[in-house]
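Okay, so here's just one chain, in structure tokens, the form predicted on its own.
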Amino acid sequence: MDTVFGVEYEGGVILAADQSNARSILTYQSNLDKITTLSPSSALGVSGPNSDLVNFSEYISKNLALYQLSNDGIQLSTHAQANYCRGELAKALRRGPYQVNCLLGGYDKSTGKGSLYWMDYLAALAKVNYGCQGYASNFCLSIMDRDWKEGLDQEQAVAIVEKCIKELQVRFLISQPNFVIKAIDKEGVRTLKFGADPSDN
């Protein structure tokens, strides 16, 4: 029942996710942060069961940190990080698959641009301008398709995400009261808004 959005704009990426942790008919938590920082200029939004969500996002972030330590501080590009994630999902698919669908956003200093990658639990990978994971795609891809255009600024990208959140709150059967919105750009990974403070656990 998780929701993750991503919108690429001129010079960065916006990632947003609902903050609910639920299973069956129970809600356990409404301040979960489903967007994990992978490096100073990239983040991974994950939807799926909480155990896989935490295991996969921590596994990827720690291995990327290990790579940087082992290679004289070299940081992988967003494209390389996305392909590493895809490789790990493909390996796990043949052993014990992670039930996670992801959006990976990052900013590359070499190009001065942001990029967004869509991945599913079957290890499919695609570079996209905007994307959704979860039931939200039924409601929100049409909004993104209509409103996204080349050369968006950050405010316009956030406005698209907020339209999507509003649409879900009006139309979606399941209540998702809180969302966290993060920006990834030349200033790094920043939290712009949240419904409930993720650090208040």
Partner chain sequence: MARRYDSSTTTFSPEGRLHQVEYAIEAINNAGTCVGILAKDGVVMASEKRVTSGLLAPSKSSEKTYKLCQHAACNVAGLTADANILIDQARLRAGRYEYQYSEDIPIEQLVEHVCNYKQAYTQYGGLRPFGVAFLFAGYDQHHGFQLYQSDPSGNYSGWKATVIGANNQSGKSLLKNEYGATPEEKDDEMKVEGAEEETSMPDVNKALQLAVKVLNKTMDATASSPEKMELFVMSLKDGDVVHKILNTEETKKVIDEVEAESSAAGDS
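Numbering follows the first chain given and starts at 1. The structure displayed is predicted, hence computed values, not measured ones.
A second form of this protein, the form predicted in complex with the partner chain, is not displayed here; the remarks below concern that form.
Interface residue remark: Ala126 is not counted as part of the site for the partner chain in the predicted bound form, having no heavy atom within 4.5 Å. Contact annotation for Tyr121: none of its heavy atoms lies within 4.5 Å of the partner chain in the predicted bound form. In the predicted bound form, no heavy atom of Phe172 sits within 4.5 Å of the partner chain.
Looking at Tyr67, you'd find a heavy atom of it within 4.5 angstroms of the partner chain in the predicted bound form. Applying a 4.5 Å heavy atom cutoff to the partner chain in the predicted bound form picks out His79, Ala80, Asn83, Tyr84, Glu88 from 79-97, in order along the sequence.
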